[in-house]
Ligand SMILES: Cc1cc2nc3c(=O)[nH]c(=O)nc-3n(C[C@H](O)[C@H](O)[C@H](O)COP(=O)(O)OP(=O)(O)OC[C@H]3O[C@@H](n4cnc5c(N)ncnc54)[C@H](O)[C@@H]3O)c2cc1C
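As a starting point, one isolated chain is supplied in structure tokens, in the form predicted alone.
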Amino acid sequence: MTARHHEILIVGGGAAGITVAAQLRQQHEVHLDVAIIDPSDVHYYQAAFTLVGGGAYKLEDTRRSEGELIPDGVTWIKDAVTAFSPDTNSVSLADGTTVTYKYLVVCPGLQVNWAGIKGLKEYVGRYGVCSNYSPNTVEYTFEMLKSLKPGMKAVFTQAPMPIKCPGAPQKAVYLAADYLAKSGIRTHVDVRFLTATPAIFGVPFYAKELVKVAARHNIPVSYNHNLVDIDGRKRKATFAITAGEQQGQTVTLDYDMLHVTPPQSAPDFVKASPLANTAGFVDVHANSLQHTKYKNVFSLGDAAGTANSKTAAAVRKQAPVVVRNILHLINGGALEDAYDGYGACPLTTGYGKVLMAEFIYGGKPTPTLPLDPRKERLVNWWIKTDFLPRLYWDYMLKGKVSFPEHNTAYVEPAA
């Protein structure tokens, strides 16, 4: 077994890890020895996967080489973490190496549990079973959408929380309905949305509008319906009803197209570690993002045990807080409780229409633009399809920290 040491060790080379590393390299008052651990060769802009599944974006445009994104001066350890040992300030790697650190940043993202639904792992990518949650399956979504004909049935699902971008499952169904409408067959194809959650969206301010969007698209929504079994050959999907008068019962639907949101969790090596809370996520303070026990450990992004929406927009606001707080520790200063739970979900409600949901802890709406955030707008479609990808690749991952400010003083309009 070999060992190595880095002053700041970042676990995860996704949006959070690259952004934090890039921002740390911008610091000139002190030389920082920074390393990223990530086994992946390819980095994806996952926020565009819904657009790929709707035929409005090319998969190749979501993909970059991981090596090209690692900031200059940052060491890339191309391996997978198997265990954390925070009492000895070390992590173990799959190749048997031990890496020690002075400061640790944990941001490996979420784990997609394809085996969490019976039949999903076996059938995804064929027999009409598609999913926007993997680059290996997302293009099949649009293939299936294009194959729909009058008399067919399209079923869209949402797994229990937590999942990446909680609005993504309904974005898929809205784009599908709009595609069918533009094809002239919407009224002849049965499109429905079944979600394991008790509401269409977790922020009531936006949920009220999204219920209207679903109704306008003539999409029946079934709440507290959790997909548990897929029979691809028979094209049947079985749901467990988790609340209400029918709680404990199941319902089986026929389908021609089944879009599945798979269950997700923190990675197994996080869940099994001393860093995890009871839900399996890294146990950090909601505002400082510092671990509640191990003061030289921070976490952000999807694996952090914070109550914000798990989106790249959250990472944009979390990364500067983590970087500043690590520098405060290095320089003997006090930590900042500066992250307010900001998250954003550009809810694609049709081609050329996006409702820009921005909010902080407690579900308070915090729009960046001085416009009613409840309204679907063409400008938001441009932001979603053009501005945000550019912001991601050319600004956020380059470590530039001056972002548009969200309006925390926003007052909700009267109902």
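Numbering starts at 1 and runs along the sequence shown. A quick note: this is a predicted structure, and the numbers were derived from the prediction, not measured.
What comes next is about the form predicted together with the named molecule, which is not displayed.
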property: Residue contact check: residue 346 to the named molecule in the predicted bound form, 4.5 Å heavy atom; result: yes
property: is_contact(residue 368, the named molecule) in the predicted bound form, heavy atom dist at most 4.5 Å; result: no
property: is_contact(residue 50, the named molecule) in the predicted bound form, heavy atom dist at most 4.5 Å; result: yes
property: Any non-hydrogen atom of residue 79 within 4.5 angstroms of the named molecule in the predicted bound form; result: yes
property: Proximity to the named molecule in the predicted bound form (heavy atom, within 4.5 Å), stretch among 67 to 75, 206 to 214, 306 to 314, 228 to 236; result: 306 to 314
property: Selected contact from 173, 275, 165, 91, since only one has a non-hydrogen atom within 4.5 angstroms of the named molecule in the predicted bound form; result: 165
